[in-house]
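Below you will find one chain, with nothing else, as structure tokens; this is the form predicted alone, and questions on how it binds or moves follow later.
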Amino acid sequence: MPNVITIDGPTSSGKSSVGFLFSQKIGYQFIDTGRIYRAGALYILRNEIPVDNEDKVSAVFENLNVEFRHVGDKVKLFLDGEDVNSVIHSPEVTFIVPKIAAFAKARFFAKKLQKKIGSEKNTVMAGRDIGSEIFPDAKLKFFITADEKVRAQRRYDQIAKTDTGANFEEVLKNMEKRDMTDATREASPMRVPKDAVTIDTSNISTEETVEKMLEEYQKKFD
């Protein structure tokens, strides 16, 4: 049975950056599960599916055709064979993701997909409920976090690259709202998984974070 190492944490905490580098260091595949929900959101928008209709939204995730592929030094997500990495972080997708991710039925089908992916090969999987709900028996779990304003600044810097009208206070407000939604939703709320190693990335680099993770990995697997 392949090993799965889980990484959970709030938005813009650095999960994806550290997860990808960490996975490269140990030779595992890296899966950012947040992109599965974003792909579903993109499909919903493109096909004008009512966002408030849980049954129709859930049906999208039941039949979602997504694939993670390593392309060069990146992991790209394909939806129905199309590379959608450049569009899944659009404001429109970002706006509806928390709503559809809160549906229990949608999460049920997304979980099945995540479990299938993790069962196929050694995997580092990042999300908000991976260590607590998807792979609670994982041998090594991480919870990556950072100060709210630090996370908002990271998100603002990312958005500002393509949106000159980006506003930091608005980004911070949206992040606070997303944190609250993720932590209080009925279906698989975000929390620190049992036995998880918590790392605060507010004042350390991606490389320094990965070094801490490698130390924990060596303790568990060497």
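From a predicted model like this one, the values you see are computed outputs, not experimental measurements. Residue numbers here begin at 1 and follow the sequence given.
Below: the form predicted in complex with a small molecule, not depicted.
*Asks:* Going by a heavy atom distance of 4.5 Å, is A101 a contact of the small molecule in the predicted bound form?
*Replies:* A101: contacts the small molecule in the predicted bound form.
*Asks:* Please run the contact check for V97 against the small molecule in the predicted bound form: heavy atoms, 4.5 angstroms, yes or no?
*Replies:* Yes.
*Asks:* Classify R185 as contacting or not contacting the small molecule in the predicted bound form by the rule of any non-hydrogen atom within 4.5 angstroms, answering yes or no.
*Replies:* Because a heavy atom of R185 falls inside 4.5 Å of the small molecule in the predicted bound form, the answer is yes.
*Asks:* May I ask you to state whether R128 is within 4.5 Å of the small molecule in the predicted bound form, using heavy atom distances?
*Replies:* Contact check for R128: yes, within 4.5 Å of the small molecule in the predicted bound form.
*Asks:* If you check in the predicted bound form, do R151, T201 and K212 all have a non-hydrogen atom within 4.5 Å of the small molecule?
*Replies:* No: no residue has a heavy atom within 4.5 Å of the partner.
*Asks:* When the small molecule is placed as it is in the predicted bound form, which of 165-173, 36-44, 193-201, 65-73 ends up with heavy atoms within 4.5 Å of it?
*Replies:* Selected range: 36-44.
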